[in-house]
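Just the one chain here, laid out as structure tokens, in the form predicted on its own.
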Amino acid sequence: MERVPVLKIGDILLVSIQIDMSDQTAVTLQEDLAERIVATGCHGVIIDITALDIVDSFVGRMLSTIASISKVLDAETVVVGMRPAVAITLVELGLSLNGIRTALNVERGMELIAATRDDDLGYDDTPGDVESATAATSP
């Protein structure tokens, strides 16, 4: 049985699916990914499906389940590289992929996770807010 590699990049786990996903491979990926999230303490998961030409209902549900598992383990999931045909198939199958955010590519997925994490931590990139916060605390 083939395994899907899970790579750690900073605070993110990258899963690049380069093989046809059998049901057993999908289940193994769910288990491997959950273990890696706990072991590494990562707060983001990017699943790159660029190489997938087609997605069936089981793989669509698997993506949704991975997102739910990741969320429970304090990790945000972003699916990247979805081809138009895959998106159309998912909609036709009635799979809304609740809890899954999408991005066009890995770079944008990483930006999305970083922005989500900053929001969760209460960071704000607006320069004026830093100045006004400093002014408010100065004697």
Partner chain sequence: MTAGVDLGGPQTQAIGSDEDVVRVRQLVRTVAVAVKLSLVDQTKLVTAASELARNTLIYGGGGTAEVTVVEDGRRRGVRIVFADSGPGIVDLGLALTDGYTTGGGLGLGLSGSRRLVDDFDIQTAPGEGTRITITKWSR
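All of these numbers come straight from a predicted model, not from anything done at the bench. Residue numbers count along the first chain shown, from 1.
One more form of this protein exists, namely the form predicted in complex with its partner chain; it is left out here, but the text below deals with it.
| Pick from V86, V106, I49, I100: which residue has any heavy atom within 4.5 angstroms of its partner chain in the predicted bound form? | Checked against the cut-off, the match is V86.
| message | Can you confirm whether E35, S68 and D74, the three residues that make up this candidate site, all sit within 4.5 Å of its partner chain in the predicted bound form, judged by heavy atoms? | response | No residue of the spot touches its partner chain in the predicted bound form.
| Is S57 close enough to touch its partner chain in the predicted bound form, meaning at least one heavy atom pair within 4.5 Å? | Although its partner chain is absent here, S57 would touch it in the predicted bound form, with heavy atoms inside 4.5 Å.
| task | Answer for L95 alone: is it within 4.5 Å of its partner chain in the predicted bound form, judged on heavy atom distances? | result | L95: yes, in contact with its partner chain in the predicted bound form.
| request: May I ask you to state whether M21 is within 4.5 Å of its partner chain in the predicted bound form, using heavy atom distances? | output: Yes, M21 lies within 4.5 Å of its partner chain in the predicted bound form.
| message | in the predicted bound form, does E31 come within 4.5 Å of its partner chain, counting heavy atoms only? | response | No.
| message | Please identify, from 23 to 31, 74 to 82, 40 to 48, 109 to 117, the stretch that has a heavy atom within 4.5 Å of its partner chain in the predicted bound form. | response | Looking at the other structure, the answer is 23 to 31.
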